[in-house]
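Below sits a lone chain in structure tokens, taken as the form predicted on its own.
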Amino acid sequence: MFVLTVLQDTLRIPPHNLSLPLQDALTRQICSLYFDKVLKDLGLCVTLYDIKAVEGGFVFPGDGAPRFTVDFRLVMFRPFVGEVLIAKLKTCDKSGLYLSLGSFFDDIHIPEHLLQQPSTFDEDEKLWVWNYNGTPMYMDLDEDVRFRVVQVKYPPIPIEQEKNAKPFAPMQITGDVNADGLGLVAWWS
């Protein structure tokens, strides 16, 4: 779920940060550039792990800010395919379930064809129901759901977006709950 990623970047340290120790100034710059952002094929940046090397300190003419080439490691959220996670069921509709890892990550979708079979969508309750040997098992909102990661994708950034479209998600996880032990955690306790 969490991996260390090694990156190298040339960082410009703004003049107002030059009074700080170099490590602190570089940490602030890395923080502003990377934290809480999705890097394509790398995942969501969670935190800075460490700074491995610093070179440079060159100042370009007409600019009062030095530039350093920095090698550093970031902790990234990037679940691997086949990994089993637990998330909260936030909403559901005819297309499937939408899960959230709290305030951390919200773009998890379980499509209807990857739910336990046979499952039906109850229009009155607006919930999915798994028919387990004749017993209806409701997938209630705000319940913990154990799911298996099927796909992690990084869609291209749209050039234009419709006014009423949902916000762009730079990283999307597709999950599966069609196996023993998967689905609502309460079912298997």
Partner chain sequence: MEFPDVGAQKELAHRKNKITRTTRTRVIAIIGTGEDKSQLSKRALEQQQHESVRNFGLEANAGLLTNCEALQLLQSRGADKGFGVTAAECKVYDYLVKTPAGSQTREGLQEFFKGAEEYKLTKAEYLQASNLRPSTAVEVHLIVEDCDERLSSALVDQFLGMIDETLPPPPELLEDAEAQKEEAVIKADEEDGGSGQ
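Positions refer to the first chain, counted from 1. Just so we're clear, the structure is a prediction, and the values are computed from it rather than from any experiment.
Just so it is clear, the following notes concern the form predicted in complex with the partner chain, a form of the same protein that is not shown.
- With a 4.5 Å cutoff on heavy atoms, K40 counts as touching the partner chain in the model of the complex.
- Contact check for E55: a heavy atom falls within 4.5 Å of the partner chain in the model of the complex.
- Using a 4.5 Å cutoff between non-hydrogen atoms, D36 counts as a contact of the partner chain in the model of the complex.
- Among heavy atoms of L184, none comes within 4.5 Å of the partner chain in the model of the complex.
- Although the partner chain is not shown here, in the model of the complex the stretch 1 to 36 places heavy atoms of M1, F2, V3, L4, T5, V6, L7, Q8, D9, T10, T27, C31, L33, Y34, F35, D36 within 4.5 Å of it, in sequence order.
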